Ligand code: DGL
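One chain follows as C-alpha cells, the form predicted alone.
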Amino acid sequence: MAIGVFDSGIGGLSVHHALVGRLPDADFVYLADQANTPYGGRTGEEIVDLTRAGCERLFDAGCSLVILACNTAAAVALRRLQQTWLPGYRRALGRPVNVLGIIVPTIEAATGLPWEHEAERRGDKVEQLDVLGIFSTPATTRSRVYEIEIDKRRQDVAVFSEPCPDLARLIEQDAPEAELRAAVEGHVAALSRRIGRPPDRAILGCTHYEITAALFRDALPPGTPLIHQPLATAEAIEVYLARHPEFEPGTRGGRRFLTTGRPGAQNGLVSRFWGEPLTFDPA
C-alpha cells in the first residue's frame, strides 16, 4: 500500500515534500494531471470529473489514501466525491480507501481551532479584526470555502481572497523569476488596495504558490506571517494515520512520480524546489 498525492500539476510537490519529511518510510505515488492543468479556470463538473479520474488512477496504483494537494480540487470536488462516489467505489474495490484534502488542516492552522469547532454567534461588535489574505485560483475564490469555514469558527478574522488567474500556469511553465515576481507583486498590491492596507497574515491558497513563497514574502510587508499549507497538511495526515491504521502507508520509502502530460524531466523551478532533478513517468 502507499499514499497517493494528487494535483493538477507540480504545485502539489510542495505538499508531497512536507509529507516525505514527516513520513520518510512511507511509500508515495504522486500524480500530476498536467494534460489538463490548470484547474482554476475550469467548470465545477470538469474539476469533479478530473479529480475522480486522478483518484481512481492512484487507487489502481495501490494507494489506500489519496491526498488532494490542490486547493481547487479540494474546494470544488472533495465533499461531493466523499459523499456520492467514494462509498460505492470503496465497496466495489473491497478494501479501505479514502480521499482527504488540504483545506481542513489549513483552516485549522489559520483559526487555531479544530475543524469540529463552531463559534457561538454573538451580537457584540468585534473591536479588532485579524485581516487574513488568501491568494488562490479563481475557482477556489469562487467557492468561498475559506470565507465560509473560517467565519463559522472565528468572528474576529476577516477574510479577503485575491484570485490569481495566471500564476499557477506561469509556475507550471517555469516562467522567468522576473515575470513571476511581477505577477506576485501585482496580486499583493491588488489585495492591499481592496482591503485598504496589507493583510495581517496570508495563506498561499494554491500549492503552486508555495514554490514561490519567497516572492510573496518579499512583496508583503516584512514579517507578515504566511500560513504554510504543506506543513499543516503533513502534520494532520500524520495524526490521521495514527488514528486510522486501516490505511497502510507502506514501509519501503518508495517514491513514484506520474503525469498525464509529457513524461520525463520536470522544469528547473521544480528541481530547485525539490532539491534534485525529478523525472515523471507516464500515468
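Don't overthink the numbering: it's just position in the shown sequence, from 1. These numbers were taken from a predicted model, which means no experiment stands behind them.
Missing here is the form predicted in complex with this ligand; even so, the following discussion is about that form.
- Of the residues A110, V99, A168, I134, which one places a heavy atom within 4.5 Å of this ligand in the predicted complex? Only one listed residue qualifies here, and that residue is A168.
- Item | Proximity to this ligand in the predicted complex, single hit among V188, C206, A77, V145 (heavy atom within 4.5 Å) | Only one option qualifies, and that one is C206.
- Task: Among 213 to 221, 63 to 71, 249 to 257, 48 to 56, mark the stretch whose residues have heavy atoms within 4.5 Å of this ligand in the predicted complex.
- Result: Selected stretch: 63 to 71.
- Message: Is G40 part of the interface with this ligand in the predicted complex - any heavy atom within 4.5 Å?
- Response: Yes, G40 sits close enough to this ligand in the predicted complex that at least one of its heavy atoms falls within 4.5 Å.
- Message: Pick out the residues of 262 to 283 whose heavy atoms come within 4.5 Å of this ligand in the predicted complex.
- Response: The stretch 262 to 283, when checked against this ligand in the predicted complex, contributes no residue at the 4.5 Å heavy-atom cut-off.
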